[in-house]
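As structure tokens, one chain now follows by itself in the form predicted on its own.
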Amino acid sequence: MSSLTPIGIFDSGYGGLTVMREIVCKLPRYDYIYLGDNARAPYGPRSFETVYRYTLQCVKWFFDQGCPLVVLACNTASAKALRTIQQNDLAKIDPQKRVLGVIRPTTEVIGNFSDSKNIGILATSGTVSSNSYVIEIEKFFPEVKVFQQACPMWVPLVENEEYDTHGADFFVKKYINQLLDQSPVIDTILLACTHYPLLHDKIREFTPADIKILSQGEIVSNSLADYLQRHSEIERKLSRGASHHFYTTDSTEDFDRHAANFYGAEIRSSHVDLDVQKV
């Protein structure tokens, strides 16, 4: 891969593949590499410092693979690590590199979807505790009221392939009801975890039909296309071979089996060993 300068896409596990799928669909000509840090997932319950250390290590790995641009397709990493990496680390590592997240592209447009200006956020405990969505939405849409609900059981349901079973109904309904109890006029719900699109049909089943349900993949892919159009100095560095390479820090067999559910196609991954002591 030494001759490639691909776009790097990172997640703590599988969920970022739902974002990568939309990015590749929108921008098919570029080369891509994906890394899932499955050996240390989930990131959601971990501290800010731990998520930052893990994410920075993975970003450095992408840079070593030749990536001029890395997308953190992980809400927890975007919430707990992105700003520090952008403000403190990039200048030391390589000021010509770029690291983007999934929160800002979403918050820049989400207010446009709501008529009532009451928006619900369904996310991991880590993303909710960071208040990143509340803070960022307020910057772009100060008139919008944001209501958050942590859904700690949803990622395990997805990763154990229970997302379309009757066993998932209790926990899906529980968290939706807890969110909607916070405001009777929520008209837009954001699935602020890249695992949650696999629960979309269940979420739709237990959500009033007049409430919009948004996933991040399409929003982030449109934002990335716009970013590359505005930043030709980055876009010119990207190789265009339409190649896709997948890596995991855990078992490739497990990754390939589960990843197909998120990516919508068969995947063959390679294993990466990351030495935490190097962070």
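Values in this document were obtained by computation on a predicted structure and should not be read as measured data. Residue numbers here begin at 1 and follow the sequence given.
Omitted from view is the form predicted in complex with a small molecule, to which the following refers.
S.K.: Taking the partner as it appears in the predicted complex, which of 55-63, 219-227, 240-248, 35-43 has residues with heavy atoms within 4.5 Å of the small molecule?
M.R.: Heavy atoms within 4.5 Å of the small molecule in the predicted complex occur in 35-43.
S.K.: Using heavy atoms only and a 4.5 Å cut-off, determine which of 71, 193, 158, 81 is in contact with the small molecule in the predicted complex.
M.R.: Flagged contact: 193.
S.K.: Please run the contact check for residue 127 against the small molecule in the predicted complex: heavy atoms, 4.5 angstroms, yes or no?
M.R.: It does: once the small molecule is placed as it appears in the predicted complex, residue 127 has a heavy atom within 4.5 Å of it.
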